[in-house]
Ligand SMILES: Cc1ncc(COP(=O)(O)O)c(C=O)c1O
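Presented as C-alpha cells, the chain that follows is alone, the form predicted on its own.
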C-alpha cells in the first residue's frame, strides 16, 4: 500500500532562520513517529508560499512568521540592512486569509514573538488559525508533535475505524442481519459464489443497530456524531448529517422541515423529481419557475436571474427557495446575489448540490453554496466523491435551525437498519477530500482540459464550452460551467445517439453518463485516469473514421410551459382520481382530458423535467406534447403514465374531488 506524503510549508523571510527551522523540524520527524510521511520545506516570500500552495497538493500545513519582510531590492529577506531597507510583505493574518480562500483544509500555525503574545493571539481567534508557536523557544520536537497530531486529527475516520475494529474482533453474531456475517452464504452450494465475489468483509461489516459501539444514525451520540462534526468542518457547515437514502431523501427531509401544508415554496421546475415528491409529502404550495433552455442541444439550464428576483419580490411570504447548482450538464448559478435577495425577504435558501459536492476542495470551483450563504445544501457524496451509492450528506447553516423538527423529519425517512458500510464510506470520502482532494481535483481539471483539446483537434465530435451550452437568456447572469462535466456534440458522426452509445459500449467497453438527441455527457471525477481518457479518445477517433455523411438528427419537441396549478399537489396526489385515456377510439387526442387536473407527476426522460405535476391543469399544448412523445420513433420513457391494458391514460381528479378541493 502506498504511504502518504504530508508536506509542511514553513514561511520565514530570514534565510538562516528558515534553514534552522527546517533542519530542526526534519530531525524531529526522523526520530519521532511519522505515520503520515511528514516532510518540511520552506520559502521566504508570500508569493512563493501562495504559488507552492496552489501547485503542491501534498501541503497539509503551513507555519507562518507573524511578520514577513522583504529586502527593498526584491532579492529576499535577511537580517542585515540599513533602517528602512526592509518592507513588510504582508501580515501573517492577511496571508492566512488568502491561504484559506485557496485551500481551507490546510492547517495554519503562526510563529510569534513572546512579548507580542496577547495582541497576536487575540487576532488569531478571528481567523482560521489552528495554533501558534513561540519563535524564540525552538522546541522542534514539541512543534513536530503538534503538527503531527493535527494532521492525524484531520485524517481520522471515527466511524470507519470503529467499524473496522469491531469486524476484526470477530464476534459471534446472535442478531440481524440474517446472513450472520456471511455464514449463510459461505458454504452454500447455491450462493457461495456471492460470498466469494463480494469478499467476506462486506458481510462482516453489514451489522445492525444491535451493536451499540457503532452508534445510531437516528440519534447519534458516539462515532457517527463525531464523524458528522468532522465532516461539517471540512465542508464549511455548522451541522452535517449523513444520509443513506441518497440526496432524493435528503431533499424531502429538508422540504418537510421548512414547509407546512399550504406554505409557499419557490422552486425550479427543472429540480430533481425528489423535490417534486417533497412538495407532495410536505403539502407545500409550489411556485414553479421555468428553466432556461438551449434548444439546439436540448439542454435545460438555470432559471434566469430576473425570473428569480421577480418571484422573490412577488412572493415575499415564501418559506424557501430551492435551486439546483450545478445542473446535470455542469451549469452553476452566480449564487451570492440570489441568496442575498432571498434572505432580504426572510426566505430560506436550499441548494441541491448533488453534482457539485467536491467544490469546497479546489478554488476553481468555489464559492460553494454554503460559502455563498445557503441555509441548507444537499450533496450526493457518492456521485462525485468516493462514497458508496446512496451515500449523501445534508449540510446546515440555517441560523434558526430547529434540531428537533429536523430530526423528526429525518427519522421519518431513515431506516432503522442503515447500511454501516455506506456510513463508513461517507467518513472515508470526507477524509480523502480533506487530505488529497485538492491534488485529485487538480488532476481532474487537467484531464478535462486535455480531453476537450484532443476531441476538438482530432475527432469529428466537438466538446462544447460554456458559450455553446448557455441559453441566450442567461448570457449576463454570471453562470459558470463546471469543467468536469463534458458535453460532446455528436452531429458530425452521422450516427444517432442510440447507435453511438451502443457502439461505445459494445466495441470499446465505454459507458457514458447521459444523452440528448445530439449530445453525449461525460462525467470526469477524482477517479478519472489518463489511461481512461486515452481509451475514450481512441474510441472517438475510431468511430469518427467510420463517420457517415452528416445528417440532421431528430429533435424532441419543445417542453410546454407550465399551466395553472389549481390545488395543492399533495391533495391531488392522494385523491383516488379516475383514469382517462390520452387517445380516443380514432387514435387522436382524447378531448376529455383537457382542463382536468392531473393527480400524478408526468416526467419524460429525456429531459427529465415534469410536464405535469399533481394539481396542474392538463391543457391542449401539454396533452399534444405527451401524445407526440408516445408516437415518437425515438425511445422516450414517460414516468407517471398509467396503463389500462395497453391504453396510455392520465390519472385525473374526478369532478366530485375537484369541487371538494376547490372549496377547501
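Numbering follows the first chain given and starts at 1. Everything numeric in this text was worked out from a predicted model, so none of it was measured.
One more form of this protein should be noted, the form predicted in complex with this ligand, which is absent from this view; the next part is about it.
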Tell me whether 356, 484 and 514, taken together, all sit within 4.5 Å of this ligand in the model of the complex, counting heavy atoms only. no
Which of 357-365, 132-140, 246-254, 442-450 lines the interface with this ligand in the model of the complex (heavy atom within 4.5 Å): 246-254
Though only this chain appears here, would residue 268 touch this ligand in the model of the complex if you measure heavy atom gaps against 4.5 Å? no
Residue 382: heavy atom within 4.5 Å of this ligand in the model of the complex? yes
Can residue 375 be called a contact residue for this ligand in the model of the complex at 4.5 Å between heavy atoms? no
Counting only non-hydrogen atoms and a 4.5 angstroms cut-off, does residue 352 reach this ligand in the model of the complex? yes
Taking this ligand in the model of the complex as the reference, which of 103, 272, 154, 305 has a non-hydrogen atom within 4.5 Å? 272
The one option of 493, 324, 228, 519 with any heavy atom within 4.5 Å of this ligand in the model of the complex is 324
